[in-house]
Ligand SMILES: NC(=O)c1ccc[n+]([C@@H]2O[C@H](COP(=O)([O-])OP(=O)(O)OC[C@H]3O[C@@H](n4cnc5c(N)ncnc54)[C@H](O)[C@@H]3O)[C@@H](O)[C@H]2O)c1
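In the form predicted on its own, a lone chain appears below as structure tokens.
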């Protein structure tokens, strides 16, 4: 039996780890050729190698999603290698400005006072917005341009967060960026729908990824606010992304699906 994404081509940003990696691997198992876009070269190359070990087709392209030229480049390289582009998944994101560098001194979970809005440098705010919101816009827009040029529809799935709806005193920039992703998704869905391009988003809750590991390291424990009383595996989010990318959601666009264990219901 053919997979749900047989003969399709997808780009997954942030595919070097966490939910992005799980999505890329799931897409490959469903028959898609997958381009991994990430700033994490080691992780991105590992994901591409895992896909090839599964017998799939993969490409890794170093990509800073906040760089318009990098985004243009990964779309062009993907189309050149695989001949088309059918979907874009914008999983790349950072929880705070120096997240990629792993700078403990600026980690808001370890130093909440330094992360307060009274003390946060403007450039830290801008970095998060550049990656989490402008980066999503650049990737979704460039993917849509490619799909329109190819003359077919497609699917774009953006990564928002439950923080889009829950204000955080130490993650204000992150929360605002994710709220922006929700509205961007709706705006692009309205604009690109007549072109046959569906645009949706997922809003994950606490998922066991490297990002959540920082929360654990800060001493957080227990998930009493989660009706399902647990965190999720990244594959559980990838399943939702697969649904929104596949033909099973062919009449769904402009929606943000919470994958949050029920947090948004209480």
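The structure displayed is predicted, hence computed values, not measured ones. Residue numbers count along the first chain shown, from 1.
One more form of this protein exists, namely the form predicted in complex with the ligand; it is left out here, but the text below deals with it.
Looking at the ligand in the model of the complex, residues 74, 143 and 185 place no heavy atom within 4.5 Å of it. In plain terms, the part of the chain that comes close to the ligand in the model of the complex, with a heavy atom within 4.5 Å, is 96 to 104 out of 74 to 82, 186 to 194, 110 to 118, 96 to 104. Within 4.5 Å of any heavy atom of the ligand in the model of the complex lies no heavy atom of residue 56.
When the ligand is considered in the model of the complex, residue 160 lines it closely, a heavy atom lying within 4.5 Å. Contact between residue 258 and the ligand in the model of the complex is not found at the 4.5 Å heavy atom cutoff. The ligand in the model of the complex is approached by residue 65, whose closest heavy atom lies within 4.5 angstroms of it.
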